[in-house]
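Shown here is one chain on its own, the form predicted on its own, set out as structure tokens.
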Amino acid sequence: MAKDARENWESPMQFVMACVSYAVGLGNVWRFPYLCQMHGGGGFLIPYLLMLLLEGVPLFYLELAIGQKMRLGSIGAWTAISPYLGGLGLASVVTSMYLCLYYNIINAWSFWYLFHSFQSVLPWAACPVNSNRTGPIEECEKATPTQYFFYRETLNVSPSIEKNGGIHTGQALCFLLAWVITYLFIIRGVKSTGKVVYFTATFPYVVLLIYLIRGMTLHGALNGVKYMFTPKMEELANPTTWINAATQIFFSLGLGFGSLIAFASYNQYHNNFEWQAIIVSLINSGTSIFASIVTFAIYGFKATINYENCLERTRILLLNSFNLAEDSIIINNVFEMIEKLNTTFPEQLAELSNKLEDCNLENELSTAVEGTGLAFIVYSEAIKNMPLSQLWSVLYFFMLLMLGMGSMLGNITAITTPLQDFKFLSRISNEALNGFVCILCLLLGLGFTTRSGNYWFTMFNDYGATFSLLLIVLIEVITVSYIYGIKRFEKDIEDMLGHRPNWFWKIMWGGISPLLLITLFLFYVINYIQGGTPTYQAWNKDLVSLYFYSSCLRWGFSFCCLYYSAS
């Protein structure tokens, strides 16, 4: 397709919405709150915002500038800079393809939960009855209803990755539906994507706002919010805190996949991408903080309920053991009564030491959960305790679906745009090419709908793209700064914007950002070497808990490394 015949976004706002829809994804909801919880609450915002300034915004700016200048997808854009760099664009396409294989399974899970939300009683609210109808199913009774629904009803998970167990029909149908919706969203390229992103970019904020209002009215919500904004400054001395902040910024903005270059290639040549890069980066980070407030309000509610239930069990135990009057112990004076009983009946209280639980609100709040555990178990646990739980469930899982679908639009565009730039493929219609890519990814991704699919998902998600993306973006910034040349890049930007980038951008591209990327890359290499054999957590039906498993994973990880090396 000739450059002058290239499709364009209908307006700059449409481009901004596409970038927001792509960048603001599931990681903002289920990864950032976990990092805040793990690294000192509000104190984590210091390294996070600093890394946004030094790494996130400059690299986001750089990719938008390349796409808008070259008006080509990743392969064509890097080939135009140097014929020897076509492989860099190809690496971005392969990485996006790799992500597409498993990312839509999250949307399939969201569909599954969404469909099951339209019931008079949420299916994860209580344990199902066993086949003899004599009581709850033992596996569910030993775990929790939310854990049972996710691991047994949703995934029907196998005991290890080596035991395939066949395709889960329900998940396969939801996976098919996710790909059908994805195809309909991108069927005509930017013409259809540009209209869809208005909804996928804005609807999650509507739900988050509703959840914030509702969440702040929940019992104990302020305990969670207070925990988030109480900084533990000692965490700033921990190098891992800074590494995780830089990593979160890097992956949250979607750098290295080629999606931003593809999106920017559909801009008008003189579009002001500089301000758009700043605005989208700030929206993305602001969303992470906003989502964390909502999440910590939910955390506070769940933790307070668990804490008070623990106190109530302790109260009943003390009443029964010491034959006390019903109103002699209330939740608020449990600890005071334990001290009194320890003074008056020390031997009898000592006999109860094995039965007395350690009720601690701080411990409940500090229990860090991320990923699918947060999105599909912790949130489900909180939702089932809310009035009108079905309504909140529908809103929440539809929001997850929109976040996932919005990111998928960028991932698919990163694949199809470079392909359409090839002359021999430019004659193929958008409908046919997009359909082919979606069908290919659907067929290759069916393995994630098997009973062991969750383990493969975890392996792909944890070990697959980290090294390749860091290396891709590192080569990008070094190429622009030292091969293509900063001065030449300045002139290109001046040609598009009417002014040259100021000293800040040049210092970031030429020194600070590459050093940060090299540090991140070395950290992950050293961490992998020192970490030994990679492991994953498997669900044990008998113990009804997660345990670490390493068999077969080494082969799988080696396969991933070889796959990327070959690419």
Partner chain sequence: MLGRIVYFLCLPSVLAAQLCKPNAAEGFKVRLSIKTALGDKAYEWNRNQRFLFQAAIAFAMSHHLDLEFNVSNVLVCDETPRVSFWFVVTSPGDPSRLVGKESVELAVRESRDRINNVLLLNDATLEFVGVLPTLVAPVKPATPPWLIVFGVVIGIVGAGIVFLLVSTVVQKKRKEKEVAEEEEDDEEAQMKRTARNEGIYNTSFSEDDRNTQM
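Take the two forms, find the largest set of C-alpha atoms that superpose within 1.5 Å, and that set is the rigid core. Worth saying up front: this structure is predicted, and the values here are computed from it rather than measured. Positions refer to the first chain, counted from 1.
Just so it is clear, the following notes concern the form predicted in complex with its partner chain, a form of the same protein that is not shown.
With respect to its partner chain in the predicted bound form, the three residues F118, L176 and A325 uniformly fall within 4.5 angstroms at the level of their nearest heavy atom. A heavy atom within 4.5 Å of its partner chain in the predicted bound form is found for one listed residue only; from A80, L356, L319, L443, this is L319. With the partner omitted here, the residue from K142, R188, R313, R488 that has a non-hydrogen atom within 4.5 angstroms of its partner chain in the predicted bound form is R188. Stretch 127-135 is the answer when you ask which of 297-305, 331-339, 220-228, 127-135 has residues with heavy atoms within 4.5 Å of its partner chain in the predicted bound form.
Contact annotation: W112 falls within 4.5 Å of its partner chain in the predicted bound form, judged by heavy atom distances. Remark: D495 does not count among the residues lining its partner chain in the predicted bound form, judged by a heavy atom distance of 4.5 Å or less.
Within this chain, G194 is remote from the site of its partner chain in the predicted bound form, having no heavy atom within 4.5 Å. When contacts are judged by a 4.5 Å heavy atom cut-off, S429 counts as touching its partner chain in the predicted bound form. Comparing the forms between this form and the one not shown, the C-alpha position of Y205 differs by less than 2 angstroms, with the core used for superposition.
Core-superposed comparison between this form and the one not shown: the Cα of A237 travels less than 2 Å. With a cut-off of 2 Å and the rigid core superposed, Q119 has a Cα displacement that falls short of the cut-off between this form and the one not shown.
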